[in-house]
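We begin with a single chain expressed as structure tokens, specifically the form predicted on its own.
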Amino acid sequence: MSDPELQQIVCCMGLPVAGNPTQQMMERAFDAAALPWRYLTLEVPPDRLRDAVAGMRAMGFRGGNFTIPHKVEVIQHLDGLSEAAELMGAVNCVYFEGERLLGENTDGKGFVQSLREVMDPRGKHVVVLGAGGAARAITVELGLSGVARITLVNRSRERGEPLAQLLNDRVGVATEFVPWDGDFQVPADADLLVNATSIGLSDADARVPVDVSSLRDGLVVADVIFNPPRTRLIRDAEANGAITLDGLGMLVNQGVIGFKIWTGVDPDPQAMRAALEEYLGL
């Protein structure tokens, strides 16, 4: 598929694939850039992952995204990883460099790119709620972007403490783990609060256990939830004078990064966001 007149293909592999907003966003971006490309969603069970990756190689795919449950397992089928993906131990984007299939993780990169629209993270104190995959990706990229320190807040020590240790030892960013018990009060010296949990997904009224009075003027509050984009946390933060970032910006910027990796072309982020808003009925 090296002929530029032929249709190029990227794909998304994972479970489930029904109702995939990324497909709508990426195909809108291809159309806006006048590229004859397709973005396919493919349901691949875990026991067929090796075959699926081999099929990508054989059929000349330009790359793809991998979702749950493949983000970790796909690594063994790749030829190399970016620094961030290696530190996170997870991949959500793959691409070909010659014959080599390489792994990247755009989750955290998309967040940081969105954040830079309102704040330079370098030298800042960041509070991150959660210690799952999203928190891992975001904190690693924030550490690589030069934040001064991270306060990691999570209910489970079993997940929180190992992530804090990784950030301290391998990323080199001063990180403190704080057990999440009751309403968390955001420290007065924090510059950024990130909800990296799933609280609020598909529920605009779900409450993140945070002391609303600590969501003050000058604080940047970001939520990774994109559906709905105006979560209760975002609304509470705005009511208290904080600057806010919704999850749509992070998702769009992940797409922007992947698009550029695969095509070498800068996409239209406004067209991509419009596609997501249409998908969500906003």
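Residues carry their position along the shown sequence, with the first being 1. Worth saying up front: this structure is predicted, and the values here are computed from it rather than measured.
Omitted from view is the form predicted in complex with a small molecule, to which the following refers.
Checklist entry - If you check in the predicted complex, is Ala196 within 4.5 Å of the small molecule, heavy atoms only? => result Judged by the heavy-atom cut-off of 4.5 Å, Ala196 is in contact with the small molecule in the predicted complex.
Checklist entry - Leu233 near the small molecule in the predicted complex, any heavy atom under 4.5 Å? => result No, Leu233 stays farther than 4.5 Å from the small molecule in the predicted complex.
Checklist entry - Would Ala134 show up as a contact with the small molecule in the predicted complex if we use heavy atoms at 4.5 Å? => result Yes, Ala134 sits close enough to the small molecule in the predicted complex that at least one of its heavy atoms falls within 4.5 Å.
Checklist entry - Heavy atoms within 4.5 Å of the small molecule in the predicted complex: does Ser156 have any? => result It does: once the small molecule is placed as it appears in the predicted complex, Ser156 has a heavy atom within 4.5 Å of it.
Item to check | One stretch from 247-255, 30-38, 214-222, 56-64 that, in the predicted complex, holds residues within 4.5 Å of the small molecule by heavy atom | outcome: Contact-bearing stretch, as computed: 247-255.
Next on the checklist: Counting heavy atoms only and using a 4.5 Å cut-off, do Gly14, Ala52 and Phe96 all touch the small molecule in the predicted complex?
Outcome noted: No, none of Gly14, Ala52 and Phe96 comes within 4.5 Å of the small molecule in the predicted complex.
Next on the checklist: Please tell me which of Val118, Leu201, Val72, Ala174 lies within 4.5 Å of the small molecule in the predicted complex, judged by heavy atoms.
Outcome noted: Contact check passes for Leu201.
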